[in-house]
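Presented below, as structure tokens, is a lone chain in the form predicted alone.
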């Protein structure tokens, strides 16, 4: 069976499988979503209108036994940024699609009326089922219902209450291996795009799936062995290493010590309270409570940076508390209590919101006077406003920029409308260049300059030096290629330092595709993806003025280094 595209028309509730076009044969993940969006979506369309499309695409090695793969891209025109968007998640859902040889699902059209639908996909075909009984309900309870109704072996993708409000901070939610709604393609408001079409859930049952076709098993096996050896020997990715022991939140103490952990809506880069919510403190608490750590977000991951956070009695599992989530809902709001952060993370998962955007939004709401900085219980009540669909909730659901403007805040940390992640660009300037210039809006994963600037991975750079255009560009090209591959971005720590690991990645991709790729192809592959995205954004009205950080980063000195973001505009313009 050849790889296929599933085209879903929500206007008339019809779907059909199509042969994968020959020029799409080597595409996966972000390469697939951005290519389809650029080809089929008018750049000037209303992101919540009939002409936008939502595309799901597993990566090239997703669904195989390649280590630490299992990623999926979701793409469309973003209601948050107004440009092209790719959001990425690791989930069993992705592996199921790949094993069914579905290269992409394209959701198009727009269902008239107030009904929501569930799309069920099996090897026998598709079925549309009314989903109104789950409208207005939290995803933790709904996912339990869905597994009970459709069996515990299915994969689930869905959107929550925030998406029903067409909120620009709503994400697309996937189940983790335990069935919790905790794996998110969170950024850019793509959940609102899904809801705007009348689609609430996608259920995938891969019973009888043929599996991923591998053109050259020998080259593939040779490649994944090299990558596995690299991942299991590098200090960041190996068993018992930093990510395996403490999860991504190992960065809390590291970035705080570097003076780049934003506190109280980006007004300081350091606070002694941050240690209370560090990865080390969290891992100890999980052990005491009987949660799970380490853990994988999808089967086959050997880094296992995930976890399951639970309440003090070991009950009510939340899922993973990632570094970005802990920071956004914690120090950025001056909240230094893991239980409050855990409940805020639960609220985000339950309501279907991106944790980064939610944390940035709460922080500007605090600055705007809705509640005080540090008021964890008050922050949880703000999330309840979204649940109740109140006017305040509808404002908050639109994200950081709109909330900040409504409440008269001038320090609004966004680029292209999207809230900044957990690194202050005044203290770590390479990541600031990425925030400013990526087509995705402020996004740390687009070109993770933290690796060389803070962690000394792939070289060592001074984080306070403004000369970062070249390193950001190169990392953005490499990242786009990884996003297309189906591998987790965290393989970058090992392959930047261990050339054999990078060679293994390239060989594994060649093995699946039947190609003869070399390491020298990685940059051009990533560049071609980003060129496609930049062209879409240009047609949507973006100019170099959109590749800028907010003014306060250039003028307000950040303690403790008391520096500003001083990368010249000409350098930002030179990235692409």
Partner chain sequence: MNNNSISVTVKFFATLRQYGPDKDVLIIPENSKVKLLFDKYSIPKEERRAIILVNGRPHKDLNTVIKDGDLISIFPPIGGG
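Numbering follows the first chain given and starts at 1. Note that the structure is predicted; figures quoted are calculated from it, not measured.
Missing here is the form predicted together with its partner chain; even so, the following discussion is about that form.
J.: Would residue 416 count as touching its partner chain in the predicted bound form under a 4.5 Å heavy atom rule?
T.: Flag for residue 416 set to no.
J.: So in the predicted bound form, does residue 293 come within 4.5 Å of its partner chain, heavy atom to heavy atom?
T.: Judged by the heavy-atom cut-off of 4.5 Å, residue 293 is well away from its partner chain in the predicted bound form.
J.: Contact between residue 236 and its partner chain in the predicted bound form at 4.5 Å, heavy atoms?
T.: Yes, residue 236 sits close enough to its partner chain in the predicted bound form that at least one of its heavy atoms falls within 4.5 Å.
J.: State yes or no: in the predicted bound form, is some non-hydrogen atom of residue 388 no more than 4.5 angstroms from a non-hydrogen atom of its partner chain?
T.: No, residue 388 is distant from the partner.
J.: Give a yes or no on whether each residue among 275, 423 and 448 has a heavy atom within 4.5 Å of its partner chain in the predicted bound form.
T.: Yes: 275, 423 and 448 each sit within 4.5 Å of its partner chain in the predicted bound form.
J.: Since the chain is shown here on its own, which stretch among 252-260, 210-218, 334-342, 112-120 would lie within 4.5 Å of its partner chain in the predicted bound form, judged by heavy atoms?
T.: The contacting stretch here is 252-260.
J.: Which one of 307, 324, 367, 164 is close to its partner chain in the predicted bound form, taking close to mean a heavy atom within 4.5 Å?
T.: Residue within 4.5 Å of the partner: 324.
J.: In the predicted bound form, which of the listed residues (380, 471, 464, 371) lies with a heavy atom within 4.5 Å of its partner chain?
T.: The residue from 380, 471, 464, 371 that makes the contact is 464.
J.: If we check its partner chain in the predicted bound form, which of the residues in 431-446 reach within 4.5 angstroms of it by a non-hydrogen atom?
T.: Stretch hits: a single one, 444.
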